[in-house]
Ligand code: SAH
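Below sits a lone chain in structure tokens, taken as the form predicted on its own.
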Amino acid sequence: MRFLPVFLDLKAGPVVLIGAGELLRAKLRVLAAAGARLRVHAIDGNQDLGLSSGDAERIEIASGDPLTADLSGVIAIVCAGAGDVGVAMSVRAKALGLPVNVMDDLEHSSFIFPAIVDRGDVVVAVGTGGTSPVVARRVREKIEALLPARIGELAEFIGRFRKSVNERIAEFPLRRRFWERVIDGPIGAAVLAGRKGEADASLKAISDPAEFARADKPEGSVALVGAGPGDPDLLTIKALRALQDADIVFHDELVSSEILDRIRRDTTRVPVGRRVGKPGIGQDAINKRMIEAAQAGQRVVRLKGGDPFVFGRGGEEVEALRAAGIAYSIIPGITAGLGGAADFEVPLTYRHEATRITFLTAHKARDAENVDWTTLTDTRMTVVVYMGLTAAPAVRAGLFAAGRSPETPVGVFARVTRPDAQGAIGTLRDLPELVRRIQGGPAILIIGDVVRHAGSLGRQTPKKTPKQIISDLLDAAE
């Protein structure tokens, strides 16, 4: 993220606007609509800017050279259609430490204009780092369609009461629950329906805000959430909701940073995973900490790579939660075997060719030694081995000893569904060499004739346009 989205206080001082023609007038309309105090330099000499009589108090038409004008008290400089003057003004602004935007010129800009959704006190800014304003506008259109028309009025309503209510509730989590109950309940619905008087009366009638919040306080609970193999867009909507509702998240080491970014910012994050060969806190300690958090009334998420019930120890955690009498739920995720198969276009089943699938794990060579390989020799069976890089030689030796052909197709697929995913395809005979081509895990092995149907190991070009992809994603959130 090169540009941090921030909101500028337009009451702090004037904004200097420099430029010419329709570009200048378009930017003037945006800034004037936001209530900015403006000092406008029309460098083409055309001072017919289409201002209304009500703009006179806030908008000054400046004369003289903007490059020598007094900039005392100015909070930002905007150049639209200013040509070389804009570039020179950028140099001057940066020397003075003033934010500057030169339209369609990232090199000379220290801030950029986002696409804006304006709902009064609720303002949504959509940016693409200045690279594609059209994409930003498409996203804005979808957001505008999703937001209630009076969402800004709801924010203004809460703003009027927030200080007085917060002064009466000392605990931050309890404050959050109070406002969640207001927003999600009849009071918020009344504001959104235009019945402000009714909403005012209902909120003022709450004699004890803390008790009001506690009355709706949920009992502590645990959600075992599958994070999938790494791509944040593969999270289910239910998983996203759990991450947004959580008070505390215990997450595995292999959960990607992009997925962790989907957690609400004020949620406590606790890493509890471990990598092969590195120490971890242990499953019993994880169970104990989850139970203690739930018993304290917190909404707990146990976030696991892949699916909780596919080599994720979800079963052990459920048993511990049952024994402790903790309410729990299970939100499945896409397991790495399915994610890798989709990523590299390997059909795990194929009519008349592969009719069975076996999933097994092999963290270490001794894990592979404990597998009865004689049950995995059927050529119509696809074998998916999790965490198979280290144990690959033992996997090959076990299958060879059981009679599986050295020419059996094999794929090694690492970091599946992530931007740096990598794959290597060959035969069982070549497995150690295939592993050597892979630059770090986690990785799965897919063994069986279905590997012959794999698509290109390169990343595939989306078959939909960016507008369609954005639209589909936002539609799914409705």
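Nothing here was measured: the structure is a model prediction, and the numbers come from that model. All residue numbers are counted from 1 along the displayed sequence.
The same protein also has a form predicted in complex with the ligand, omitted here; what follows describes it.
K.L.:
Picking from 380-388, 396-404, 165-173, 151-159, which part of the chain touches the ligand in the predicted complex when contact means heavy atoms within 4.5 Å?
P.N.:
Partner-contacting stretch among the options: 380-388.
K.L.:
Would R418 count as touching the ligand in the predicted complex under a 4.5 Å heavy atom rule?
P.N.:
R418: yes, in contact with the ligand in the predicted complex.
K.L.:
Tell me, yes or no, whether F212 is in contact with the ligand in the predicted complex, where a contact means a heavy atom of each within 4.5 Å.
P.N.:
F212: no, not in contact with the ligand in the predicted complex.
K.L.:
Quick check on G86: any heavy atom within 4.5 Å of the ligand in the predicted complex?
P.N.:
It does not: once the ligand is placed as it appears in the predicted complex, G86 has no heavy atom within 4.5 Å of it.
K.L.:
Can you tell me whether G312 touches the ligand? I mean in the predicted complex, with a 4.5 angstroms heavy atom cut-off.
P.N.:
Although the ligand is absent here, G312 would touch it in the predicted complex, with heavy atoms inside 4.5 Å.
K.L.:
Which listed residue (L434, L31, A414, I59) meets the criterion of a heavy atom within 4.5 Å of the ligand in the predicted complex?
P.N.:
Spelling it out, the residue with a heavy atom inside the cut-off is A414.
K.L.:
Taking the ligand in the predicted complex as the reference, which of I259, L224, A336, V249 has a non-hydrogen atom within 4.5 Å?
P.N.:
Of the candidates I259, L224, A336, V249, A336 is the one lying within 4.5 Å of the ligand in the predicted complex.
K.L.:
If you apply a 4.5 angstroms heavy atom cut-off, which residues in 253-268 are near the ligand in the predicted complex?
P.N.:
Residue within 4.5 Å: L254 only.
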